[in-house]
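Below you will find one chain, with nothing else, as structure tokens; this is the form predicted on its own, and questions on how it binds or moves follow later.
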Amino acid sequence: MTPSEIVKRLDQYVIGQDEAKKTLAVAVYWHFRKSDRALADAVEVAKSNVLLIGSTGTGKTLLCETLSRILGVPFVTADATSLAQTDYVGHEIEAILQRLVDKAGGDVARAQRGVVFIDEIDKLKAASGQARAASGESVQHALLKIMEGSQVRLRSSAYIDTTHVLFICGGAFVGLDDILRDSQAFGFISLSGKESPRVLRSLNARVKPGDLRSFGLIPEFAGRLPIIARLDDLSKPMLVRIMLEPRDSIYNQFRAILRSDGVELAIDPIVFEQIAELALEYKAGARSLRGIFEGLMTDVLYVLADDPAIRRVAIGSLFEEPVYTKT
């Protein structure tokens, strides 16, 4: 699939984040193009792993899971904080790659074209004076080799080559915006025309390798993540759309559940706005939507289980009782 086709497929499941989708789609498309044998025989092409920066609940994991499903490649997730809390980082990394092979049904060749998503990579920051800084830095060093491409021996004694495994790292990177404000270095570029302010803002908003080093990533590790995509914080309208528009949105899920019992579920638009406002208060992004929505539906499901005569449920407010209509 071309990048535009990948984005169209992502749009069915992930709301907003247009720039991040575009960046990720292009990176993935060309990553797998680089592994074509004809191109590999002609020239040695450097590997381009991806860094996703965004607050919790903005869709980093969802983007990667959906992408792997679209492409039909094996996909595993790992938690950087778990890697930093073990004394056997090498064994944990081997276990991640073993899970990738398992996801490929034991087919090592297929696993070698899979995707590994490492979340909370910002927790590995090497900050002086912190007890876990040394372990975080050691994990960065341990990840360097496999992210660049190497032969790793698995428990089964088989070897997996990570040269064409795409590594996507993600993290919230709290405090990075302060570093960006201090490192704006494009204020004196000579630009002409009315587009110059927009271009300067775009340049200054980009995360540079130096910014990642200032944050606490070691230079070698930051250099293994040349493609950087930023995810926007979710607004109230985006949260409402997340509940309504995706093919497997939470509203569609519950409508399907009730429809299987011959019950129609009708929720007024204001209810989704109320849920979105609560989610903003919780400051957990889209992750809090399911908890709030399921809390809304708990009483409904409780009542429906005892009364098979109910054929319609109408919810007009998050703070009012649902209206039940029977046959």
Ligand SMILES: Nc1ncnc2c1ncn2[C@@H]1O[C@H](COP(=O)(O)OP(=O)(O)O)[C@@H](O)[C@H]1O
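Quick note: we count residues from 1 along the sequence shown, nothing fancier. These numbers were taken from a predicted model, which means no experiment stands behind them.
Form predicted in complex with the named molecule: not shown, discussed below.
For the residues 143, 242, 165, 168, the 4.5 Å heavy atom test against the named molecule in the predicted bound form is passed only by 242.
For the options 50, 286, 275, 300, the residue carrying a heavy atom within 4.5 angstroms of the named molecule in the predicted bound form is 286. Of the stretches 22-30, 292-300, 59-67, 261-269, only 59-67 has residues with a heavy atom within 4.5 Å of the named molecule in the predicted bound form. Contact with the named molecule in the predicted bound form, defined as a heavy atom within 4.5 Å, is made by all three of 13, 55 and 119. Not displayed here, the named molecule is kept clear of residue 225 by more than 4.5 Å at the level of heavy atoms in the predicted bound form. Among residues of the shown chain, residue 115 is not one whose heavy atoms approach the named molecule to within 4.5 Å in the predicted bound form. The shortest heavy atom separation between residue 234 and the named molecule in the predicted bound form is within 4.5 Å.
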